[in-house]
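What follows is one chain in structure tokens, specifically the form predicted alone.
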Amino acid sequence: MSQLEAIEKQRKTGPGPASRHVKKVLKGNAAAALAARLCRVSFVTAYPITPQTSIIEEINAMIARKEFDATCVNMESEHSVFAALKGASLVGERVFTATSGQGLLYAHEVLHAIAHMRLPIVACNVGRPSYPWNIWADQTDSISQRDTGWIQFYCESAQEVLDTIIQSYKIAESSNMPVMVVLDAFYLSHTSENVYVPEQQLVDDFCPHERRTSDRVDPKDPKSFGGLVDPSKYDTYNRAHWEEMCRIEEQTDAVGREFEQFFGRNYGAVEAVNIGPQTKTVLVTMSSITTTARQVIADHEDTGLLKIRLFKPFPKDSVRKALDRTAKDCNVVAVDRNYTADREGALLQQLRQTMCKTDRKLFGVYAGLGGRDVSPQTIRNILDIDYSSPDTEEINWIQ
């Protein structure tokens, strides 16, 4: 039973979290905008770029209707978008923005600054590639920012977009780390589906605005930010960042469990489906491809699915725990909707690092690049590859 079905079957009246939702039909971008409002974001910056623009349009529409008490500023570029968020976060505002593709790449320098200044900013990226110029679903833009120091979540549905943004503020403000929530262009951003929208008080109780840090601008306690750091202290800052990143996987699972107590839906760093001693092949997926893979493996008893929700930092413990349940000859196939100009996709690279001390057979598949549809037949084509054959390449391109 899916989490949505479980909620529908729970009682609709009386006390308890299950009755505190309204079911709406929303596109992924609308769910992102609504999540920002539910989290009581007070400052939003924006620069239009397809396919994220409708997130900001919806936020501005809610502000105009006086449903959203926030200030939204249209900046002159994405570099300025993130620079302005940096300043607003430094004075203690809860902030939000959304971008895509070249916009995210243009902000690259500021993304580093935000992460290493430990600012709890949440941003949505509607994934699309760079060049050749293309506006359709692809994760190359956000994947290429994986080393900037941001936490990255990849969402499977509009419901997960809304829920993950709410959880992201809790994670960001407790760890002082920025979070990027990624959804696939058009497959999620512009596709309507049922979304259970929680009531405001439920979100307020789960995610009060708390900045557990003294690192903010305060006229009564003057400090400088962003100054030159000499070699004697540079590694100290990075070690502190590293130590926090090492805690994010565990924190993601903890926040997911707490979220379930409030909202009835559970999330973790990964999700394992039909993975056990009987599993001969495990597909490893992210974002909307996961939904298609779920449908296909339902007819394959010996095939499992490992959904990666938290991509950065990569959830090594959760991945090892899931794959350790399989036999040693189980094939693990990473489905990459990104191209980083390397031999293999980013997901396979992370799996290789995670499983480097094992003799696990790992394969990579490039599929769905630039918005190419990953249909049920595409997933079947991936499963039809004879991974036990010595002639099968480690890296395969699927159309």
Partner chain sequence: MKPDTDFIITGEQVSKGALSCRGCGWSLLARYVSNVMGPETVYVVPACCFSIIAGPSPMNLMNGTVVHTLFAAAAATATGVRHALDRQGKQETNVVVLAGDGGTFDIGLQALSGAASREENILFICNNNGAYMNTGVQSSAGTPSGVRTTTDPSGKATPAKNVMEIIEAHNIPYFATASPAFLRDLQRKLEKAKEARGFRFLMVDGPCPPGHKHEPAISIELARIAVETRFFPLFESANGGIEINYFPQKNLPVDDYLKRQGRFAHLYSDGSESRAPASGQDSGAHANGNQTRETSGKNQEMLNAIQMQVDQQWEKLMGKQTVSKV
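Everything quoted here is computed from the prediction, not taken from an experiment. Residue numbers count along the first chain shown, from 1.
If you look for the form predicted together with its partner chain, you will not find it shown, but the lines that follow are about it.
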query: 4.5 angstroms heavy atom contact with its partner chain in the predicted bound form for Gly226; finding: yes
query: In the predicted bound form, Ala298 touching its partner chain (heavy atom, 4.5 Å); finding: no
query: Touches its partner chain in the predicted bound form: Gln201 (any heavy atom, 4.5 Å); finding: no
query: 4.5 Å heavy atom contact, Ser42 and its partner chain in the predicted bound form; finding: yes
query: Contacting member of Met62, Ile49, Ala70, Leu362, with respect to its partner chain in the predicted bound form [4.5 Å, heavy atom]; finding: Ala70
query: Contact residue in the predicted bound form, chosen from Lys170, Arg309, Lys312, Lys86 - any heavy atom within 4.5 Å of its partner chain; finding: Lys86
query: In the predicted bound form, segment of 88 to 96, 170 to 178, 128 to 136, 275 to 283 with a heavy atom within 4.5 Å of its partner chain; finding: 88 to 96
query: Residues in 60 to 83 close to its partner chain in the predicted bound form, defined by a heavy atom within 4.5 Å, in order; finding: Asp69, Ala70, Thr71, Val73, Asn74, Met75, Glu76, Ser77, His79, Ser80, Ala83
